[in-house]
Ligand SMILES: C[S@@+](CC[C@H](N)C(=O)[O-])C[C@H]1O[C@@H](n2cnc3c(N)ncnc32)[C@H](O)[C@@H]1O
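Starting off, we have a lone chain in the form predicted on its own, written out as structure tokens.
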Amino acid sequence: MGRPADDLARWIPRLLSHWRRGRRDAPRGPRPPPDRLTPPELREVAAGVERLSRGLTRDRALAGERYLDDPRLLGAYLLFYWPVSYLQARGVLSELPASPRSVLDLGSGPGPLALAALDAGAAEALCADRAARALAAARALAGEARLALETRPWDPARGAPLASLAAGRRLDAVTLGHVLNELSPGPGGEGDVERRAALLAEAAGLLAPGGSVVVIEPALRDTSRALLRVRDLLVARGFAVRAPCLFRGPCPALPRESDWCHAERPIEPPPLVAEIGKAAGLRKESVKMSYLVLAPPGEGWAEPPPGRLFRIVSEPLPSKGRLRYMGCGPEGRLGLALQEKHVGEPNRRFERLLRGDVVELTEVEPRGDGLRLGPGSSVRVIAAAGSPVPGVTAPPPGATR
């Protein structure tokens, strides 16, 4: 298993080659470069990316539609959004205590999550989607890389039981990348939440002991808050969360409409992705996502390590004369602040925290809507963003992985 960025770099020529083979109206001429687009190709792909961005993140007109049946939109997805989804998956899978060996990817499209899981150590993966063209792309990409990937048609609107996809196998992971918000692309009302929660509960029923349901959603306010409502419903029904939550009760981000929860990981995008993003007016300097990792039914919440723990859930918040973040831990969602004049060796790490880091704090005192660190406070990162939290994301004793 290599570094995600290095592994992704090997996929770029395959993605580009597959896209070119599928172009029906490709102009004839000299062979184009294997790792970048010609100017006419760039204009074509950027136009498709703009349509996808507008339809999935702005006016939402494509959410829930069969856009991957459109060859131009599938091509734009392959060259721009596939690499992003791949990195999202590698970022969340890295928080699991062990690489899953068997994976079912629901709503897989052309397979970025499944192929990310295989690159991360999985032995077998199954892609399930309603778009035959996207499944064919996943098979072709896996074949070129000599990876063990199966595909099956799956349309959530038809209500076929997921057990028919698993064929009696117990799985180490079921992944859903950008599926829930398109399953019922409404505002996340009660009916939408129930439907989405039912799908995740059914998926969790396919897991082997120690397995995980991995959900990745857009880092938009509405889609993130909708995922948090699904999380709360499942937690109320006895499900345990492996990541990112350290708080076991109703999500403390939901009471205020302006709050939501998402991850952000800095990246240097592959040159092809950066070029397309620039042409489409989209910048990709980081990978953003909302995510949720659920344990199988009957597995309880793991006990976190001792101490006052918080996951950093914000970027640094501007404040005159002090450093401030929002943290969420076993005691809830709180502001964490340190005056610049009190920065010293024990707490200097506070200056360099990243969204997603899990930290242990000492010598803090309540102040206003949160906690204040002082010159005697210490800050220790016990799990960097994208790493498993010791004892929290681990499977229960005796679980086989």
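Keep in mind that this is a model prediction, so the values were computed, not measured. For every residue, the number given is its place in the sequence shown, counted from 1.
Beyond the structure shown, there is the form predicted together with this ligand, which is absent from this document and is the topic of what follows.
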Considering non-hydrogen atoms and a 4.5 Å limit, does this ligand approach Ala201 in the predicted complex? no
Do Leu254 and this ligand share at least one heavy atom pair within 4.5 Å in the predicted complex? no
Given that this ligand is not shown alongside this chain, does Leu96 nevertheless sit within 4.5 Å of it in the predicted complex, heavy atom to heavy atom? no
Should Ser85 be classed as touching this ligand in the predicted complex when contacts are defined as heavy atoms within 4.5 Å? yes
I need to confirm a contact call. Of Pro270, Gly107, Gly329, Pro296, which residue comes within 4.5 Å of this ligand in the predicted complex, counting heavy atoms only? Gly107
Quick one: of Val235, Leu183, Ala166, Ala145, which gets a non-hydrogen atom within 4.5 angstroms of this ligand in the predicted complex? Leu183
At 4.5 Å between heavy atoms, only one of the stretches 270 to 278, 109 to 117, 223 to 231, 302 to 310 reaches this ligand in the predicted complex; which one is it? 109 to 117
Sequence order please: the residues of 147 to 181 with a heavy atom within 4.5 Å of this ligand in the predicted complex. Trp154, Asp155, Pro156, Gly177, His178, Val179
